[in-house]
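Below, in structure tokens: the form predicted alone, a single chain.
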């Protein structure tokens, strides 16, 4: 189990309310109202249908709590960051059956999505284990879900890059073009925001040399092959600059890239392409 900084409970409740509002849209669950007798109480279990890493149990619990209120009781039997096996019970909820089933899909949508991110992240972390390289995410997240998705990355053993545009500066190719070069862009950032951490994207070894010589703390090595990445790392190290590989990364090449000595692998796929982890809810009347 990976110990991670927890998701803010207020964020979990915000997502729960948002998901339920979208599902109900001011109306009612017509199927459940028609088929489930009023006053019926039931117990349901959220069960893993596949092996993976779980994330978002507090979010799922918040969905059930939002709908069931004081009439419901939720118990988690796993913890976020746990590696779970198919058939394992992750959460048990008891309460009015109508309300429980109304909340089912909202809870599972969030839980399967976040667990999918955690599971994919863990695969990347496993792929580079022992190299010293850290797997981390990007800003390629869904609007409104960034905090939760980045939390899921942490559950999978990864690390977070900046949360938003105000957290740190990342000088990319278009910024370089607009500013008139890497050195000009770096100096402009320092002049405007002297206390803000600044990272520089580099496409060539000459750019790595320029950024490192100018005092960059971290350079992003964009779409470089293994041989070029190795050379870039050597240049950066001479100046005490850290390195991050990004672009064109796959699990098949992750270990080779990590073996170049880069400090980080930035993987947008952790959040924008993670398949949902297969989980289901089984009702016991």
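All of these numbers come straight from a predicted model, not from anything done at the bench. Residue numbers count along the first chain shown, from 1.
Not on display, but discussed next: the form predicted in complex with another copy of the chain.
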| task | With another copy of the chain left out here, work out from 121-129, 81-89, 134-142, 204-212 which stretch has heavy atoms within 4.5 Å of it in the predicted bound form. | result | 134-142
| query | Of the options 61, 68, 254, 218, which one has a non-hydrogen atom that comes within 4.5 Å of another copy of the chain in the predicted bound form? | reply | 218
| query | Looking in the predicted bound form, any heavy atom of residue 23 within 4.5 Å of another copy of the chain? | reply | yes
| said: How about residue 36 - does it come within 4.5 Å of another copy of the chain in the predicted bound form, if we only consider non-hydrogen atoms? | reply: yes
| said: Quick check on residue 75: any heavy atom within 4.5 Å of another copy of the chain in the predicted bound form? | reply: no
| query | Though only this chain appears here, would residue 32 touch another copy of the chain in the predicted bound form if you measure heavy atom gaps against 4.5 Å? | reply | yes
| query | Out of 191-205, which residues reach within 4.5 Å of another copy of the chain in the predicted bound form, heavy atoms considered? | reply | 192, 193, 194, 195, 196, 197
